[in-house]
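Take a look at this single chain in structure tokens; it is the form predicted alone.
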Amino acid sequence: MEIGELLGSGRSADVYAIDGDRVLRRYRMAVDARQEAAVMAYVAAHGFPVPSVYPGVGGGRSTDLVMRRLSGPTMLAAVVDGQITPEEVGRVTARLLRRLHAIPARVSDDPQDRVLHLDLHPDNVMLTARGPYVIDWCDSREGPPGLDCAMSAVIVAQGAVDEESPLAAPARAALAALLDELGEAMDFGAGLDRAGAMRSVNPGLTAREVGLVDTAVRLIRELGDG
């Protein structure tokens, strides 16, 4: 399998073109992508919008994940370009979370558990001609759905409280819409505490980003009380 041009780079992986229909996501660290592929295939089988995965393709490297190539901007890029409003960003994110949490857990025996993405934010949603698709499932696990909602809220709120970011105001508007659309699905208690704690020890964040977490959690609670 020949690798084509580099299409993009994230905090932990690079994405390369393979051909017109497929891309290769290659981690720069010792990550076993087979678990991620299994989760994506599982939620796809339940109708959730994720790129199709090609198990066993990629030369046998556990750090490689071959997926269907998607065409379209991320939701973050779309809001920056004025193609979508911040409020719609929040609503779409909430609807995707609710849709995901309607799927039964894949391996857990707890009937309350669901598949959690734990990194579902505007830069991990691609807007295609077929609708929004969720990418980057490396942090996924199973557990209470309120934790997943809280994690998405914390990530968006970090942008809202970043006084140096030109996207702070749009992020706050997106956060308010996200919380409103989630309604009772949002866990403002233990789930939010746990999401904040997990975000604070995320090795992919800079020290400055970690420093925004507590303020982000406070903003979420303020908006929830309102």
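A residue's number is simply how far along the shown sequence it sits, counting from 1. From a predicted model like this one, the values you see are computed outputs, not experimental measurements.
Absent from the display: the form predicted in complex with a small molecule. The rest refers to it.
- Query: Which one, R194, H46, R69, R34, lies within 4.5 Å of the small molecule in the predicted complex by heavy atoms?
  - Reply: Checking each option against the small molecule in the predicted complex, the one that comes within 4.5 Å is R69.
- Which residue among A78, L118, L100, I135 has a heavy atom within 4.5 angstroms of the small molecule in the predicted complex? Contact residue from the list: I135.
- Stretch in contact in the predicted complex with the small molecule, which is absent here, among 135-143, 78-86, 151-159, 91-99 (heavy atoms within 4.5 Å): Heavy atoms within 4.5 Å of the small molecule in the predicted complex occur in 135-143.
- Query: Would L7, V15 and T74 all count as contacting the small molecule in the predicted complex, using a 4.5 Å heavy atom cut-off?
  - Reply: Yes, the whole candidate spot contacts the small molecule.
- V23, heavy atom within 4.5 angstroms of the small molecule in the predicted complex: Within the cut-off, so yes.
- Mark P170 yes when one of its heavy atoms lies within 4.5 Å of a heavy atom of the small molecule in the predicted complex, and no otherwise. The answer is no: P170 has no heavy atom within 4.5 Å of the small molecule.
- 4.5 angstroms heavy atom contact with the small molecule in the predicted complex for L147: It does not: once the small molecule is placed as it appears in the predicted complex, L147 has no heavy atom within 4.5 Å of it.
- Heavy atoms within 4.5 Å of the small molecule in the predicted complex: does D113 have any? Outside the cut-off, so no.
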